[in-house]
Every structure is written in C-alpha cells, then in structure tokens.
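Next up: just one chain, as structure tokens, the form predicted on its own.
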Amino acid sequence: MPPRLNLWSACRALSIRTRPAVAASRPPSAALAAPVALARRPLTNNATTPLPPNSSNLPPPPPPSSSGSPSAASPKPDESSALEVPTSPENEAALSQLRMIEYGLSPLDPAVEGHKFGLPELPLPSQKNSKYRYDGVVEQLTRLIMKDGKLAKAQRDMAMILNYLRTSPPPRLDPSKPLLPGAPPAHHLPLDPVLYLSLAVDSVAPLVKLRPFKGLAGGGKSLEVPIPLRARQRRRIAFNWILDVVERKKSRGSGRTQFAHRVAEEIVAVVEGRSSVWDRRLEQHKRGTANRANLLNNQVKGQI
C-alpha cells in the first residue's frame, strides 16, 4: 500500500538555514559609493578605442577597516615581501605591450613584426649567399679536385688539406724562389690556411699562355703567340700542375686521407721552393718571352 501524502511531512523534510545578522555599525564601503569611471564603449566602425579617463580624478581608496576576522587583517611585513611579484624590465615591457594591445594599438615595430631578429637589409652581400659562402679560391680549387661529380668528397678533401696546412710547422722559405710581394712572414702562414693555400697557388701561377695559330708559321706549322691570363685562369693552370705532380708521386698507403695529405705536402713544397712546379712556370715564361715577337704578325693582330 503506497504511503499517504501529507503536507506536514513534506515540510518537515525541508532543511531551513538561518542567515546571520549583519552588524549595523559597519559603514558602507566608500568604493561602492564612489562613481566608477568606465571607458565609453566604441562603435563598430571606430578605428581605435578611446583611452579611459585619467585615474587621478578618482577619489582615493578608503582606509582598511579595523573590524573583521583576524584572517582578513593585513599580512605581516615578512609575509608581504613573499607575496610581492618581482618586477624586471622584461615584465614591465610585457605589461606595457599588453596595455597597448588592450587599447587596440600594435606594440611591435612594423620593421620587426613577426620576426625574432628582424628583416635583413637588401641587397644581400655576397658572403650572405649560401652559394658563395666559401672563399673564391677555395671554391675554385675544390671544383678542380672533384671527380665524377662527387662534390661532398672534394669538400672533405679540401677540409683535410686546410687542416694539414694549419697543423704543419712554419715553412722554410727559399730566397731564390720568392713568393708574391707583400706575403706575411712564414710563421704567420699556418695561422691562416686559406691564405697559405692561395699564396702557394698564386706564386707559381703563370702570367701568360702560348696560343697556337695554325699555318701562320709557314709550311703548315703553328705560330705560338703569348696571351695574358686572368686570375682564375692562372690559378686553374697552376693547381692543375700541382695535381699532375701529386698523381706522379707514389702512394705511401691507403685511406681517404692519402690524396689530401699528398696535395697538402706538395703545397708546402711549393712554398718552400722544393716543388718541380717552379721549373714548369719558368719554362712557360721563357717560351712566352721567346715568342713575344709573334704579336707583331699582321694576321695575329686581328685574332687576339
């Protein structure tokens, strides 16, 4: 049989909680009575948001009330120091940026907006290009070392050559075979292996080459005429001479470092005047001097 529904039994099941009386002596808060300055809400077609009025016109905050529970009292001096947030220039800058964003302003400079280190100045210098990040002489000689299109292996060999020159003792220069004018002292060369390599190649580079003109010497013979060379042509011929000497030398072992070490040893021999490349350069210049009269040939003048 279902229980009987009774109004009094339903009211008896309700829980009623009394509200504590508020002290009548508590003064009304001045902060509630003071007018609150609010920013005027802008329209949707406004480009910027108006700034709030100056807070200096607002009344000062009320003094803290003496009544209340002990937990609401002001913290002790030692506790307030622990609750304070440490300030720093970075925090101040971040807060100022947040305020500008709140007012609809851009806190970042347009030149560096969206970039951590800013945009580079155009046009870029030559050493900032990834294709020309190496020294011009090193890049050209690396291409001459390369075989079968294996550029990575040629670059590794060039790095071994430069490391050998950097760790080798200072060379002993030969006064009879001087280097280029203005060269640094011998004990300075291992400190700059790129300069060491460039100085060795440029010192034995020929100044002229002999260009044959067929049939101009009579009887079907070629007429050899000395032609001046540009800097890249001079370095290419000189380094090919060095590679020819290296290829003729016997290998003293095996391994990926043998070729690079033989090339580096030959470069040291060039600087010290012990390499046969000096004799080849001298022979080239002698032939150019002996055939310099062929420059006056009328048939040659129009073809040079």
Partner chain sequence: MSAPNCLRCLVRPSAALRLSAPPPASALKPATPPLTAAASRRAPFSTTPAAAAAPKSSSQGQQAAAKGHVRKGKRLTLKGKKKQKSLDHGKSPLPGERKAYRKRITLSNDNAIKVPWLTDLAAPDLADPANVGKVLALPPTTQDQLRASEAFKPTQTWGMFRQPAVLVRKETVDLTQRMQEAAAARKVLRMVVTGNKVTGKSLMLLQAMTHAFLNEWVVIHLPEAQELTTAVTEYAPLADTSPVQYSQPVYALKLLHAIRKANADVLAKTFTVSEHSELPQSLPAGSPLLAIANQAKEVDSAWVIFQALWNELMAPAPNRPPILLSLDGLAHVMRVSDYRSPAFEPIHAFDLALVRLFTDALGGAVKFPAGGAVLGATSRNNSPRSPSMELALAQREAEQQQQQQPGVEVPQKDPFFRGYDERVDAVLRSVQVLRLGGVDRREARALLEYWAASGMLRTVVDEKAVAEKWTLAGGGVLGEMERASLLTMRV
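Residue numbers count along the first chain shown, from 1. Fair warning: this is a prediction, and the values are worked out from it, not measured in the lab.
Omitted here: the form predicted together with the partner chain. The next part is about that form.
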- prompt: If you check in the model of the complex, is Arg235 within 4.5 Å of the partner chain, heavy atoms only?
  reply: no
- prompt: Heavy atoms within 4.5 Å of the partner chain in the model of the complex: does Gln258 have any?
  reply: yes
message: Although the partner isn't part of this model, could you tell me whether Leu229 comes within 4.5 Å of the partner chain in the model of the complex, counting any heavy atom of the residue?
response: no
query: Going by a heavy atom distance of 4.5 Å, is Val194 a contact of the partner chain in the model of the complex?
result: yes
- line: None of Arg211, Arg99, Arg166, Lys150 but one has a heavy atom within 4.5 Å of the partner chain in the model of the complex; the exception is Arg166
- prompt: Going by the partner chain in the model of the complex, which residues of 170 to 197 come within 4.5 Å of it through any heavy atom?
  reply: Pro170, Ser176, Lys177, Pro178, Leu179, Leu180, Pro181, Pro190, Leu191, Asp192, Pro193, Val194
